[in-house]
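Only one chain is given next, in C-alpha coordinates, and it is the form predicted on its own.
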Amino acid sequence: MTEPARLLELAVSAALTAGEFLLDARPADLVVATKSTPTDVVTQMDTAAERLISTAIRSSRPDDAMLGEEGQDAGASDGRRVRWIVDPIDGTVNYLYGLPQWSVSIAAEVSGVVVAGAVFDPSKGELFTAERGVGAWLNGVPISVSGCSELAQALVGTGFGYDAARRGRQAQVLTGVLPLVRDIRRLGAASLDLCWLACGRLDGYFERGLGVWDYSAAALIATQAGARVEGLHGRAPSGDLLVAGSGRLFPALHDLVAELGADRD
(Lines give C-alpha, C1' and ligand atoms only; values in the text may rest on other atoms or scores of the structure.)
Protein backbone atom coordinates (compact mmCIF):
# COMPACT_ATOMS: atom_id res chain seq x y z
CA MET A 1 0.00 0.00 0.00
CA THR A 2 1.09 3.59 -0.64
CA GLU A 3 1.45 5.90 2.33
CA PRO A 4 -1.78 7.82 1.45
CA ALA A 5 -3.61 4.49 1.21
CA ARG A 6 -2.41 3.54 4.68
CA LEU A 7 -3.49 6.93 6.02
CA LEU A 8 -6.89 6.51 4.39
CA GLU A 9 -7.28 3.08 5.95
CA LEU A 10 -6.62 4.56 9.40
CA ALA A 11 -8.96 7.51 8.76
CA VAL A 12 -11.74 5.11 7.74
CA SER A 13 -11.24 2.92 10.80
CA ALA A 14 -11.32 5.89 13.18
CA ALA A 15 -14.34 7.48 11.45
CA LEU A 16 -16.34 4.25 11.56
CA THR A 17 -15.52 3.70 15.23
CA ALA A 18 -16.50 7.27 16.18
CA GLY A 19 -19.62 7.24 14.03
CA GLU A 20 -20.91 4.02 15.50
CA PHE A 21 -20.24 5.35 19.01
CA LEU A 22 -22.11 8.60 18.28
CA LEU A 23 -25.07 6.75 16.82
CA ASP A 24 -25.34 4.14 19.55
CA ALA A 25 -24.47 6.28 22.57
CA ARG A 26 -26.47 9.41 21.80
CA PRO A 27 -28.23 10.25 25.08
CA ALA A 28 -31.80 11.47 25.18
CA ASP A 29 -30.82 14.47 27.31
CA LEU A 30 -27.75 15.91 25.61
CA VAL A 31 -25.94 18.45 27.77
CA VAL A 32 -25.63 21.59 25.68
CA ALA A 33 -22.94 24.22 26.12
CA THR A 34 -22.37 27.32 24.01
CA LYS A 35 -19.51 28.26 21.76
CA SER A 36 -19.27 31.68 20.11
CA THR A 37 -22.99 32.51 20.24
CA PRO A 38 -26.05 30.98 21.94
CA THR A 39 -27.08 29.12 18.76
CA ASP A 40 -23.64 27.51 18.22
CA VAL A 41 -23.95 24.38 20.31
CA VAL A 42 -21.53 21.68 21.33
CA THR A 43 -22.33 18.54 23.26
CA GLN A 44 -20.31 16.21 25.42
CA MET A 45 -20.53 13.78 22.54
CA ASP A 46 -18.36 16.01 20.33
CA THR A 47 -15.57 15.94 22.86
CA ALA A 48 -15.90 12.23 23.54
CA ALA A 49 -15.83 11.40 19.83
CA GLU A 50 -12.75 13.55 19.23
CA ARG A 51 -10.95 11.79 22.07
CA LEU A 52 -11.94 8.45 20.57
CA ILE A 53 -10.57 9.46 17.15
CA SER A 54 -7.36 10.85 18.63
CA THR A 55 -6.76 7.67 20.61
CA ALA A 56 -7.38 5.48 17.56
CA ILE A 57 -4.95 7.44 15.40
CA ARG A 58 -2.25 7.92 17.99
CA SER A 59 -2.27 4.26 18.91
CA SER A 60 -0.86 3.63 15.42
CA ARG A 61 0.91 6.95 14.80
CA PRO A 62 1.87 8.56 18.13
CA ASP A 63 4.07 11.26 16.62
CA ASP A 64 1.53 12.73 14.21
CA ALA A 65 0.06 16.21 14.62
CA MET A 66 -3.65 16.71 15.24
CA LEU A 67 -6.06 19.57 14.58
CA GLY A 68 -9.56 19.03 15.92
CA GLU A 69 -12.61 21.26 16.04
CA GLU A 70 -13.07 20.63 19.74
CA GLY A 71 -9.71 22.03 20.76
CA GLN A 72 -6.86 19.75 19.76
CA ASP A 73 -4.09 21.63 17.97
CA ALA A 74 -0.80 19.77 18.09
CA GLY A 75 1.60 21.04 15.48
CA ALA A 76 1.71 21.24 11.70
CA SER A 77 2.48 18.76 8.95
CA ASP A 78 5.77 18.60 7.08
CA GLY A 79 7.51 16.07 4.88
CA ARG A 80 8.06 13.77 7.84
CA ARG A 81 4.97 14.42 9.94
CA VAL A 82 1.32 13.91 9.10
CA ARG A 83 -1.37 16.23 10.47
CA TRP A 84 -4.85 14.85 11.02
CA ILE A 85 -7.72 17.34 10.63
CA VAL A 86 -10.76 16.11 12.53
CA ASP A 87 -14.37 17.17 12.90
CA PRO A 88 -15.96 14.65 15.28
CA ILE A 89 -19.50 15.83 14.49
CA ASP A 90 -20.05 18.04 11.47
CA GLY A 91 -23.67 19.09 11.72
CA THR A 92 -23.80 19.33 15.51
CA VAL A 93 -27.21 21.03 15.56
CA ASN A 94 -28.65 18.28 13.36
CA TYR A 95 -27.17 15.70 15.74
CA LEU A 96 -28.58 17.54 18.74
CA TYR A 97 -32.08 17.57 17.25
CA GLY A 98 -31.92 14.00 15.98
CA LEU A 99 -31.87 15.02 12.32
CA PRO A 100 -30.07 12.38 10.21
CA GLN A 101 -27.65 14.74 8.43
CA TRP A 102 -24.34 14.81 10.28
CA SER A 103 -20.97 13.20 9.80
CA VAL A 104 -17.56 12.31 11.16
CA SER A 105 -14.83 13.89 9.02
CA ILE A 106 -11.12 12.96 9.09
CA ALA A 107 -8.40 14.19 6.72
CA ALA A 108 -4.70 13.34 6.57
CA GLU A 109 -2.43 16.19 5.51
CA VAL A 110 1.24 15.97 4.46
CA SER A 111 3.29 19.14 3.90
CA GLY A 112 0.11 21.21 3.84
CA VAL A 113 -1.62 19.00 1.25
CA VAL A 114 -4.54 16.72 2.12
CA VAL A 115 -3.74 13.28 0.67
CA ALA A 116 -6.51 11.16 2.17
CA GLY A 117 -9.97 11.82 3.54
CA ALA A 118 -12.94 9.99 4.99
CA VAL A 119 -16.42 11.34 5.73
CA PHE A 120 -18.78 8.91 7.42
CA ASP A 121 -22.54 9.47 7.62
CA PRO A 122 -23.61 6.99 10.33
CA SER A 123 -27.34 7.69 10.01
CA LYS A 124 -27.37 6.45 6.41
CA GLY A 125 -24.43 4.05 6.56
CA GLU A 126 -22.60 6.04 3.87
CA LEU A 127 -18.81 6.25 3.82
CA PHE A 128 -17.23 8.74 1.42
CA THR A 129 -13.49 8.36 0.85
CA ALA A 130 -10.76 9.72 -1.38
CA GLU A 131 -7.06 9.32 -2.01
CA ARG A 132 -5.29 12.16 -3.82
CA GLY A 133 -4.50 11.27 -7.41
CA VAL A 134 -6.45 8.02 -7.25
CA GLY A 135 -10.18 8.79 -6.95
CA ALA A 136 -13.23 9.13 -4.72
CA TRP A 137 -15.69 6.50 -3.57
CA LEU A 138 -19.02 6.03 -1.80
CA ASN A 139 -19.05 2.73 0.06
CA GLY A 140 -16.26 1.56 -2.21
CA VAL A 141 -17.98 2.49 -5.48
CA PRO A 142 -16.35 5.25 -7.60
CA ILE A 143 -18.28 8.53 -7.70
CA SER A 144 -18.23 11.61 -9.91
CA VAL A 145 -19.89 15.02 -10.05
CA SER A 146 -23.01 15.72 -12.08
CA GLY A 147 -22.83 16.92 -15.66
CA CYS A 148 -24.74 20.13 -14.89
CA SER A 149 -23.23 23.15 -16.63
CA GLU A 150 -26.03 25.75 -16.45
CA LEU A 151 -26.82 27.78 -13.35
CA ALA A 152 -30.53 27.71 -14.19
CA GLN A 153 -30.47 23.90 -13.91
CA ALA A 154 -28.21 23.72 -10.83
CA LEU A 155 -29.28 22.51 -7.42
CA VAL A 156 -26.98 24.49 -5.11
CA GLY A 157 -26.17 23.86 -1.48
CA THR A 158 -25.16 26.50 1.04
CA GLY A 159 -25.04 27.15 4.77
CA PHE A 160 -25.34 29.98 7.25
CA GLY A 161 -23.16 31.20 10.09
CA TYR A 162 -24.11 31.13 13.74
CA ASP A 163 -23.75 34.89 14.23
CA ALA A 164 -27.00 36.73 13.56
CA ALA A 165 -25.36 39.61 11.66
CA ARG A 166 -23.54 37.20 9.34
CA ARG A 167 -26.74 35.24 8.71
CA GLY A 168 -28.47 38.47 7.75
CA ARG A 169 -25.80 39.23 5.18
CA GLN A 170 -25.91 35.66 3.87
CA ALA A 171 -29.67 35.98 3.43
CA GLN A 172 -29.07 39.04 1.24
CA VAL A 173 -26.64 37.05 -0.92
CA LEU A 174 -29.16 34.24 -1.18
CA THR A 175 -31.80 36.55 -2.63
CA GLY A 176 -29.40 37.17 -5.52
CA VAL A 177 -28.63 33.49 -6.07
CA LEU A 178 -32.06 31.89 -5.69
CA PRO A 179 -33.76 33.38 -8.78
CA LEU A 180 -30.88 32.22 -11.02
CA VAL A 181 -30.62 28.55 -10.03
CA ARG A 182 -32.92 25.51 -10.00
CA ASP A 183 -33.18 25.66 -6.21
CA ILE A 184 -31.23 25.99 -2.97
CA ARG A 185 -30.64 23.38 -0.26
CA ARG A 186 -29.45 24.14 3.28
CA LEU A 187 -28.77 20.76 4.85
CA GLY A 188 -26.62 21.72 7.81
CA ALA A 189 -23.36 19.78 7.38
CA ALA A 190 -20.70 21.22 5.07
CA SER A 191 -18.79 17.96 4.74
CA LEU A 192 -21.88 16.16 3.49
CA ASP A 193 -22.76 19.05 1.17
CA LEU A 194 -19.39 18.59 -0.54
CA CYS A 195 -19.72 14.80 -0.57
CA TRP A 196 -23.20 15.09 -2.08
CA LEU A 197 -21.70 17.37 -4.71
CA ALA A 198 -19.07 14.69 -5.32
CA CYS A 199 -21.71 12.02 -6.05
CA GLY A 200 -24.10 14.23 -8.03
CA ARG A 201 -26.79 14.88 -5.41
CA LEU A 202 -25.92 18.59 -5.59
CA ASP A 203 -24.54 20.49 -8.57
CA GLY A 204 -22.88 23.38 -6.73
CA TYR A 205 -22.12 24.64 -3.26
CA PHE A 206 -20.87 27.81 -1.57
CA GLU A 207 -20.49 28.92 2.02
CA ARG A 208 -18.72 31.55 4.11
CA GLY A 209 -17.40 30.95 7.61
CA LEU A 210 -16.27 27.32 7.44
CA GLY A 211 -13.45 25.94 9.56
CA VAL A 212 -10.70 23.91 7.95
CA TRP A 213 -12.02 20.81 9.75
CA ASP A 214 -15.41 21.31 8.05
CA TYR A 215 -14.09 20.86 4.53
CA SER A 216 -10.59 19.33 4.44
CA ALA A 217 -11.64 15.70 3.91
CA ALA A 218 -14.74 16.50 1.87
CA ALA A 219 -12.95 18.97 -0.42
CA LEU A 220 -10.51 16.21 -1.36
CA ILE A 221 -13.42 13.85 -2.01
CA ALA A 222 -15.13 16.46 -4.21
CA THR A 223 -12.02 17.32 -6.21
CA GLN A 224 -11.15 13.68 -6.76
CA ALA A 225 -14.72 13.23 -8.06
CA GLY A 226 -14.19 15.99 -10.63
CA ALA A 227 -15.21 19.18 -8.82
CA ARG A 228 -13.38 22.46 -8.48
CA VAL A 229 -13.23 23.58 -4.84
CA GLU A 230 -11.75 27.04 -4.39
CA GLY A 231 -12.06 30.46 -2.82
CA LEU A 232 -12.62 33.53 -4.95
CA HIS A 233 -10.34 34.49 -7.85
CA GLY A 234 -8.14 31.41 -7.68
CA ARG A 235 -7.48 31.54 -3.96
CA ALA A 236 -7.60 28.42 -1.82
CA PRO A 237 -10.87 27.71 -0.01
CA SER A 238 -10.96 29.25 3.45
CA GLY A 239 -13.27 30.70 6.05
CA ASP A 240 -13.72 33.72 3.78
CA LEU A 241 -15.52 31.64 1.18
CA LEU A 242 -15.62 28.18 -0.35
CA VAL A 243 -17.14 27.70 -3.80
CA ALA A 244 -17.51 24.29 -5.43
CA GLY A 245 -18.97 22.83 -8.58
CA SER A 246 -18.21 20.71 -11.59
CA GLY A 247 -15.60 22.09 -13.93
CA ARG A 248 -18.32 23.33 -16.29
CA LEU A 249 -20.59 24.88 -13.63
CA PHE A 250 -17.93 26.32 -11.37
CA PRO A 251 -17.08 29.49 -13.37
CA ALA A 252 -20.68 30.69 -13.49
CA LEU A 253 -21.32 29.97 -9.81
CA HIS A 254 -18.01 31.57 -8.83
CA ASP A 255 -18.72 34.74 -10.79
CA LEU A 256 -22.24 35.02 -9.37
CA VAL A 257 -21.25 34.77 -5.72
CA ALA A 258 -18.23 37.04 -6.31
CA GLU A 259 -20.48 39.70 -7.82
CA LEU A 260 -22.85 39.40 -4.85
CA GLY A 261 -19.98 39.80 -2.35
CA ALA A 262 -20.55 36.44 -0.69
CA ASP A 263 -17.13 36.71 0.99
CA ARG A 264 -18.13 39.81 2.98
CA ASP A 265 -20.23 40.24 6.11
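In this text, residue numbers run from 1 along the sequence as written. Values in this document were obtained by computation on a predicted structure and should not be read as measured data.
As for the form predicted in complex with L-MYO-inositol-1-phosphate, it is not shown, yet the points below apply to it.
Q: Tell me, yes or no, whether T92 is in contact with L-MYO-inositol-1-phosphate in the model of the complex, where a contact means a heavy atom of each within 4.5 Å.
A: Because a heavy atom of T92 falls inside 4.5 Å of L-MYO-inositol-1-phosphate in the model of the complex, the answer is yes.
Q | Close approach of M45 to L-MYO-inositol-1-phosphate in the model of the complex, 4.5 Å, heavy atom | A | Although L-MYO-inositol-1-phosphate is absent here, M45 would stay clear of it in the model of the complex, with no heavy atoms inside 4.5 Å.
Q.
Against L-MYO-inositol-1-phosphate in the model of the complex, would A225 count as a contact residue? Criterion: heavy atoms within 4.5 Å.
A. The answer is no: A225 has no heavy atom within 4.5 Å of L-MYO-inositol-1-phosphate.
Q. Using 4.5 Å between non-hydrogen atoms, is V229 touching L-MYO-inositol-1-phosphate in the model of the complex?
A. Close contact is absent here: in the model of the complex, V229 is far from L-MYO-inositol-1-phosphate, nothing within 4.5 Å, heavy atoms only.
Q.
I need the one stretch from 182 to 190, 133 to 141, 104 to 112, 117 to 125 whose residues put non-hydrogen atoms within 4.5 angstroms of L-MYO-inositol-1-phosphate in the model of the complex.
A. Only one stretch passes the 4.5 Å heavy-atom test: 182 to 190.
(Q) Residue by residue through 197 to 215, which ones have a non-hydrogen atom no more than 4.5 angstroms from L-MYO-inositol-1-phosphate in the model of the complex? (A) The stretch touches the partner through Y205, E207, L210, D214.
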